[in-house]
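Only one chain is included here, represented as structure tokens and corresponding to the form predicted on its own.
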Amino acid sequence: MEYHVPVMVEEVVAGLVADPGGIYIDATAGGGGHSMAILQRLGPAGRLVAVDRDWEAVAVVRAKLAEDVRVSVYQGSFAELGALASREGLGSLCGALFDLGISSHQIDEPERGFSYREDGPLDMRMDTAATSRTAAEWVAESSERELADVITRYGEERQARRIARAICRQRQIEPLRTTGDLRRAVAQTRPQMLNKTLARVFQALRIAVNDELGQLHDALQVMQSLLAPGGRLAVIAYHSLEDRLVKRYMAELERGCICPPRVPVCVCGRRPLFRKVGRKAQKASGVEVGQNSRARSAVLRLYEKIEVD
């Protein structure tokens, strides 16, 4: 079985690789699918830096791309990209890819704790070697209010308060150590559509445990300085929270003058830093969705850095 099935490969590569001789970052290397496609588009002078937060993914990518001298593989989070770029001399990037969310492998492996469908340790850390709290520890140490706030904010779940109360009631009886324990606590609230509710709760805890939205914000900030004029940024999002963050953050960088309309001449000096590539976000084709159901929710946004006078 393939480690991870990449989404919208052709669309990503066509929109991202404008200079075959440039330096590119695949910041979510996963199983190496997008990385391989990017390398196929690069020329002999091109270079790819493949990064992933998950040590398992890093090992897979290193094994898969070991013979290609144009690629370097590193383990690291989005928040570490700036330090990595500085250490490896990666200024003036021609492109960067962020394929957000979790990989097929992470979902399919019960011991990672990402899926409510299989019983396993309630872990959910993308980097299992990190000293950060597991989901089980996070659930055990958070107040009822914190649980409700996270499930509301990151899961967009209307019954968050009731679910948080059920989790706290259950953990007083015994700790929630497995995905099955959490699943049973949520089921006690008798939601109308249990699987959808579970998906939202698990998503919320995963985002909180890994600080995914904070990491994404840091990554977008770093790309402002690392991308060269004409460099491309490609982001694939799978839920409205991360897509909204990307859309709003980049919209600010696309804005020019912010002077009031009554001011006849611009005095703010603000210039757009990025522009959209294409008129709107892209979705996976019906054919791809038929072959890979995960592609159904994927939204690809492409941006190009503008040269500022």
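When you see a residue number, it is the position in the sequence shown, counting from 1. Everything quoted here is computed from the prediction, not taken from an experiment.
Unshown form predicted together with a small molecule; subsequent notes refer to it.
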item	value
Partner proximity in the model of the complex: residue 103 to the small molecule, non-hydrogen atom cutoff 4.5 Å	yes
Proximity of residue 126 to the small molecule in the model of the complex, heavy atoms at 4.5 Å	yes
The small molecule contact at residue 305 in the model of the complex, heavy atom, 4.5 Å	no
Residue 29, heavy atom within 4.5 angstroms of the small molecule in the model of the complex	yes
Non-hydrogen atom within 4.5 Å of the small molecule in the model of the complex for each of 6, 76 and 99	yes
Candidate from 57, 49, 42, 246 lying within 4.5 Å of the small molecule in the model of the complex - any heavy atom	57
Single option in 134, 142, 189, 215 placed near the small molecule in the model of the complex, where near means a heavy atom within 4.5 Å	215
Contact segment among 77-85, 220-228, 145-153, 165-173, judged by heavy atoms lying within 4.5 Å of the small molecule in the model of the complex	77-85
